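Below you will find one chain, with nothing else, as structure tokens; this is the form predicted alone, and questions on how it binds or moves follow later.
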């Protein structure tokens, strides 16, 4: 199961590379000051270049999918990325400059969001958490790239062979093992600093009991913070078959389960998992139509011809962004 879930990160990286190659990312007009960096494209292409030497198998999968990604997928990747960045930027603005803040990315995969954040914010501490194999690949790529190693000011710890810096840590951990997860977070982070938790297509692959325990324990440890979660939702309308079809396709093609897809199948039900928090949840189609300007929409249309508007709408109504504040 672990290896199957890891494959979804390679899909996400492929989609990110495709969206960057086609010009969807980064957005020149969205003001996401803390999450963007002039070298956004370069750091991702450098990661892909070095990945080829670390694992030709993973690189080949990523490269092949990135070459054949359809416009509807590029739109989805764009929305997924900017939605998280906008929510993260809003949190950092509320905290204010000059105050120490922590970001914990649970199930980080190959995400490189930490690079612009650490370069833009001197008081930020960032922790990436994922399965041991995922962390091992990411650690090797970051270390074997002089460019990325210098950007993150990485050092190799002789006792473990892992790479880290004073403000950035990679943690190998099975998030289904709550004791191991909390032990790592308690050792590396402080409960007293404002903390943002990122879960990007993570909770959907966990069983209900384990995911709820993770939410409750993490929110209980940090005194104040914000949880930013991006996930699919199955759909709650009686005639909505999207979630059932998605589950069947994943099971048949990859033997992959989404145990809670049809349990938390609407924005309201998904938000109910975050007890006693101030939550907002919005599906991605609503975000697209309400928060992306006409100017930005025109830019997106200029990149590729998209004739699958109805398909885009159906897909994006079944993904959400949740922000829970406590």
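Positions refer to the first chain, counted from 1. Small disclaimer: the values here were computed from a predicted structure and weren't measured.
Note that the form predicted in complex with a small molecule isn't included here; everything after this is about it.
Residue 174 is the only one of 162, 90, 123, 174 with a heavy atom lying within 4.5 Å of the small molecule in the predicted complex. Contact with the small molecule in the predicted complex, defined as a heavy atom within 4.5 Å, holds for exactly one of 75, 222, 131, 143, namely 131.
Proximity of 233, 273 and 322 to the small molecule in the predicted complex is absent: no residue of the three has a non-hydrogen atom within 4.5 angstroms. Contact annotation for residue 315: none of its heavy atoms lies within 4.5 Å of the small molecule in the predicted complex. Under a 4.5 angstroms non-hydrogen atom cutoff, the small molecule in the predicted complex has residue 205 among its neighbouring residues. Using a 4.5 angstroms threshold between heavy atoms, residue 85 stays clear of the small molecule in the predicted complex.
Of the heavy atoms in residue 169, none are within 4.5 Å of the small molecule in the predicted complex.
Stretch-level contact analysis of 143-151, 90-98, 244-252, 103-111 against the small molecule in the predicted complex, using heavy atoms and a 4.5 Å limit, identifies 103-111.
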